[in-house]
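There is one chain below, alone, in structure tokens, taken in the form predicted alone.
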Amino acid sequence: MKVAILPGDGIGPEISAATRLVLDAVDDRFGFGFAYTEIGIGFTALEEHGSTLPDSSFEAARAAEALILGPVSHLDYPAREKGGLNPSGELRKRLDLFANIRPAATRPDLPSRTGASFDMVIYRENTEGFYADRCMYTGTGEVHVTADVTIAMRRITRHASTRIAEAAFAGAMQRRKKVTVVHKQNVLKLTDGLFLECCREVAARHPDVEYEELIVDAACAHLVRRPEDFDVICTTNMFGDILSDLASELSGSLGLAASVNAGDGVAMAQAQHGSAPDIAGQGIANPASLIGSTGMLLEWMGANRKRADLVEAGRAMLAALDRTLADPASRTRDLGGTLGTEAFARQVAKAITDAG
């Protein structure tokens, strides 16, 4: 199995190497025969090729069976015309990874920010919306009209809205059968109006799934007040980005937040957090988010390809991560422990081996 690792910037190389340590333990236990390719992106690629995502890197990523993307420092990149592409957005758009799936769940041994126990998954549309690099065929969706006026355009399509709703309802059918659609249709009457229309049509085809709608500002309040009531949230690109960070932080830490970007037959694991350049190279970054994301990726691949061994491997990886985090002595510094990045990964790898 061809596995492409795109380490990225900041702490990306460290947590990517840690994730590979855990994958090696998975490979030893299940015998997949992972063949790794490391692909340069971000500042490393910019210095060598003049682009943060050169064509050669994209083609190498597209040829892989499994993609693991580390965090990138795209806010610090030069302008697009000078090679400063956002690898995350570009890969999502070019590979049509339309669903960004982000779970947020409390753990018994780690305190939540609200005191409540909850388990939810946010399905975020990934290819359009207010994201300027994803809403135009060429160029971006932002226009500099005059020196003092800028305009941002938002694209919402029936196709993209319907398929993210279908993905969310399919996910809900495997969980507690409830979908909450988050929108701002009271202000964005046309764009969120179309999004809601599509979600309602999909809901009508799933009468066994409880359905509700919340305006995004109310959804933020309800996430804080009653997070245990949410099961699956379905929403547009920008709202999903914001809500998933809120939900993950409420569950205990954004550093634990896993995510997978999924399309039709292809998916990519990605840490939900940023590149944290202030602690890069110190060996103290928490790799749990990327490890968890990779476990999600294996599970998704198994379900997509009808391979029970991949599903089992993904679940084993996630279970080992949970067992490691349950022990205060096995945590990284940000969670009150003492372990560094590599030492934490080795504990997760040991948990996989011991369970086998």
Ligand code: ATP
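Numbering starts at 1 and follows the sequence shown. This is a predicted model, so every value here is computed, not measured.
Below, we refer to the form predicted together with the ligand, which is not included among the displayed structures.
Within 4.5 Å of any heavy atom of the ligand in the model of the complex lies no heavy atom of residue 236. Interface membership of residue 180, defined by any non-hydrogen atom within 4.5 Å of the ligand in the model of the complex, is ruled out. In the model of the complex, residue 152 stays away from the ligand, with no heavy atom inside 4.5 Å. In the model of the complex, the ligand stays beyond 4.5 Å of every heavy atom belonging to residue 348. In plain terms, the part of the chain that comes close to the ligand in the model of the complex, with a heavy atom within 4.5 Å, is 271 to 279 out of 144 to 152, 271 to 279, 124 to 132, 95 to 103. 254 is the sole member of 156, 254, 243, 198 with a non-hydrogen atom within 4.5 Å of the ligand in the model of the complex. For the options 75, 190, 221, 204, the one in contact with the ligand in the model of the complex, meaning a heavy atom within 4.5 Å, is 75.
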